[in-house]
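A single chain, nothing else alongside it, follows as structure tokens in the form predicted on its own.
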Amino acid sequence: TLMASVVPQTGTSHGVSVSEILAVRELDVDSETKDDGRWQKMPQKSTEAYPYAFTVSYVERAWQHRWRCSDVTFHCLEGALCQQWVQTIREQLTALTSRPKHLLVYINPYGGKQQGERIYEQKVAPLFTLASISTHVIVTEHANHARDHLRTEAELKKYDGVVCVGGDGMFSEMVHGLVSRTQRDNGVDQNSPEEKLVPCTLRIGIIPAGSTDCICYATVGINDPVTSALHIIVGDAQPMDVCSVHHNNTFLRYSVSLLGYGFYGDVLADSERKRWMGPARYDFSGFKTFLTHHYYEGTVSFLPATDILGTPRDKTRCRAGCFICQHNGQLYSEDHQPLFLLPEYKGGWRVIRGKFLAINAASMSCACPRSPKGLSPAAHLADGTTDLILVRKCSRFNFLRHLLRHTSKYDQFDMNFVEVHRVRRFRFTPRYCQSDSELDLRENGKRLFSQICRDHPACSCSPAYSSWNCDGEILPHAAIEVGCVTTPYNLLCKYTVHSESI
């Protein structure tokens, strides 16, 4: 009966899921109304037949994982009926407890093309206002401003989530601030590699406004601010893996996307000296690092994920509602024993020594617009593992083939100088890490220089060690230990590699 008494403005039937309704508002049909992005008056006959109306704003799926806000106006015969519909829809929206009501927003005005404030004010803030989300906005003034504020000053109990408007570096700041604050408040020793992280009740959202926006692209499927804002509004969430990085039982950083030694570490170290170039510095430094073609000797030890479902070379990818992530990568029998074991990974830690052009650990696919598949296409967001990719010393031509496969449909691991392992933990020790700290190594540089030259006769200036690229930040040590754990630090977003997965 209610449906027969309410008709859309277009005169056709229209179904909208409550979970994807953003807001509802009552209209005065005698005034101008907004529909489909244009201001227009209703025809006289329609206003006479149905003198009451309300508009529903909802999520509309567009092409290539884009989401947009659309409106549909319904007309009623009676004012009481119209108010009943509006009140009922609002009650249904209030019952959706997963949706945020109060958000703490950090805006990085310097990241990417320095468009963070404009993106938020023009594209995001109007949507939050439409959805009746209150916000407290902080424009960061310096590096690690958001991290330090979350650690010490932020009144986290007042908010349902924190949102950053920026790139991967800004997101990493927020993760460090929230995770460190939670561990400190619960007495967890972050310097112990064996400690388990205490979950935080707050979620973390990200509005892309950086140079690459790898984390946003790998979780939402596109780096579009409106799409990310709509995911946040409807309360979509995705658990994620966090890697803790230690050196000699001293906590260094958390990593949520990429740990890279060798090629990606050298690219970052060189690009940091060329920040004046803007985003173009990554292309320049990448080309320069490729030409120098440095390799590094060391030992990699890792603990394979023996009870995991899937492998790094699976053809299927992590998607919304991923079965593997829902079970933390594992299936157990009634006596809590893992049902799935990879025979080649039984037996504990494995050790690999050699010369490497790159050592990468990907906790997610690390996809971006330039590399739609990412560094590890089959990596999962929440299975408690990281994919360890070892690229051994090879010719420039072969290394170029490997890099180009990141942008193609071909298997980038199908090369005899590349191997990949899904691991729970790993350690790396460079050959020239003679002392317990990288500082001592630098102080002894003059003493070691002659030995380095003898071991590298082809190039006397070949460096002894590279730097670790940890989510876009350089680590101060080369010898590290890394552990991966799935945490409830949910992203306010939903992983949508394919539209049919929603």
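Quick note: we count residues from 1 along the sequence shown, nothing fancier. Just so you know, these numbers come straight off a predicted model, no measurement behind them.
Quick note: we don't show the form predicted in complex with a small molecule, though the next part is all about it.
S.K.: Any chance all of Tyr110, Asn144 and Arg275 sit within 4.5 Å of the small molecule in the predicted bound form, going by non-hydrogen atoms?
M.R.: Per the other structure, all of Tyr110, Asn144 and Arg275 touch the small molecule.
S.K.: Among the candidate residues Met170, Ile233, Leu388, Met240, which is the single one with a non-hydrogen atom no more than 4.5 Å from the small molecule in the predicted bound form?
M.R.: In short, Met170.
S.K.: Just give me the single entry in Gly262, Gly210, Gly221, Pro377 that has a non-hydrogen atom within 4.5 angstroms of the small molecule in the predicted bound form.
M.R.: Looking at Gly262, Gly210, Gly221, Pro377 one by one, just Gly210 meets the 4.5 Å heavy-atom criterion.
S.K.: Would Thr140 count as touching the small molecule in the predicted bound form under a 4.5 Å heavy atom rule?
M.R.: Heavy-atom contact with the small molecule at 4.5 Å: present for Thr140.
S.K.: At 4.5 Å between heavy atoms, is Arg281 in contact with the small molecule in the predicted bound form?
M.R.: Output for Arg281 is yes: heavy atoms within 4.5 Å of the small molecule.
S.K.: Using the partner position in the predicted bound form, report whether Gly205 sits within 4.5 Å of the small molecule, counting heavy atoms only.
M.R.: Result no; Gly205 lies far from the small molecule in the predicted bound form.
S.K.: Is Gly166 part of the interface with the small molecule in the predicted bound form - any heavy atom within 4.5 Å?
M.R.: Yes, Gly166 is a contact residue.
S.K.: I need the one stretch from 193-201, 80-88, 102-110, 418-426 whose residues put non-hydrogen atoms within 4.5 angstroms of the small molecule in the predicted bound form.
M.R.: Stretch with heavy atoms near the partner: 102-110.
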